[in-house]
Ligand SMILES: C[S@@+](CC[C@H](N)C(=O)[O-])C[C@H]1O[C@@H](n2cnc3c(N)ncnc32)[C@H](O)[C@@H]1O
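Starting off, we have a lone chain in the form predicted on its own, written out as structure tokens.
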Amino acid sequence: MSHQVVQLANGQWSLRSLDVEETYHPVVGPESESNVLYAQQIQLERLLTASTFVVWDVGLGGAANAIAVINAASQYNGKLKIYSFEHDLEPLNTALNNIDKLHYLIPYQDILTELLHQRKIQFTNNSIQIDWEIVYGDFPSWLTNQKDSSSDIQQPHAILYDAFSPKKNPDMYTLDIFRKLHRLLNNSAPCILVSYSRATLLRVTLLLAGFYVGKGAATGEKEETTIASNKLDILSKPLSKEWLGRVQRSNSAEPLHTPEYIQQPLTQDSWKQLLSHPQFSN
């Protein structure tokens, strides 16, 4: 077994990966963090004007993020499509086997059981129609195989980017991966990407990949997180030019160019690219 359920300092329960040695939602627990970090920041009111609101759930894990989005979306009328990208379904199996501790799963136990077996499910929650699908496999490999935006998978309005940390999972944080991700977005429609990290390395990587980047909500012990988008005007707190001073002082700002975790200051070439980014060049 590669996962177990552990009790956090605040009494809540969460999953822990024994292989990676990281705990999911480690401070406040899955229900609270998933709601504050993801559901509340992807502007779900856009459901009202989208024929289908599409969410890419990158890292299904114990399904806390997707369930938080479903719960929050259920106050609206419309259609919600969730693609959960995952290469290991053992975390969700472990979560369902400990549903007495992970209470957020209880209303969705039957739905998640069918999702695990069929890899897709359709259901209605209040006035929202939900189509949920697992895209099984390695996310970087899947991205590499997408040559353009003509994939059968619909382009996202929101991306819940919840991979393990760059130190433990560097292949999910390379500059190449985020460039490929940005390339798949619909330029005429805003997409919001949310990450729990506020690391300078991640923010520089997102910027050099073509995203606009801003400050996200506080959660747990983090004073802020990160929101990125293909549209600047959708960010309420975009990073300012003053933030560039932090980049210059950082010993861990250069993007990962290979799937190997290396900490180093920003190179002169990357600095020039960053200064020419539309977010800072005006």
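Each residue number is its position in the shown sequence, starting from 1. From a predicted model like this one, the values you see are computed outputs, not experimental measurements.
The form predicted together with the named molecule exists for this protein as well; it is not shown, and the discussion that follows is about that form.
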- Give a yes/no on whether residue 164 approaches the named molecule to within 4.5 Å in the predicted complex, heavy atoms considered. yes
- Task: Considering only heavy atoms, tell me if residue 108 and the named molecule come within 4.5 Å of each other in the predicted complex.
- Result: no
- Query: Going by a heavy atom distance of 4.5 Å, is residue 114 a contact of the named molecule in the predicted complex?
  - Reply: no
- Message: in the predicted complex, does residue 138 come within 4.5 Å of the named molecule, counting heavy atoms only?
- Response: yes
- Note on the structure: Of 169, 129, 197, 155, the only residue with a heavy atom within 4.5 Å of the named molecule in the predicted complex is 169
- Query: Since exactly one of 55, 37, 60, 228 fits, which has a heavy atom within 4.5 Å of the named molecule in the predicted complex?
  - Reply: 60
- Item | One stretch from 187 to 195, 207 to 215, 130 to 138, 72 to 80 that, in the predicted complex, holds residues within 4.5 Å of the named molecule by heavy atom | 130 to 138
- Since the partner is left out here, which residues of 83 to 97 would have a heavy atom within 4.5 Å of the named molecule in the predicted complex? 85, 86, 87, 88, 91
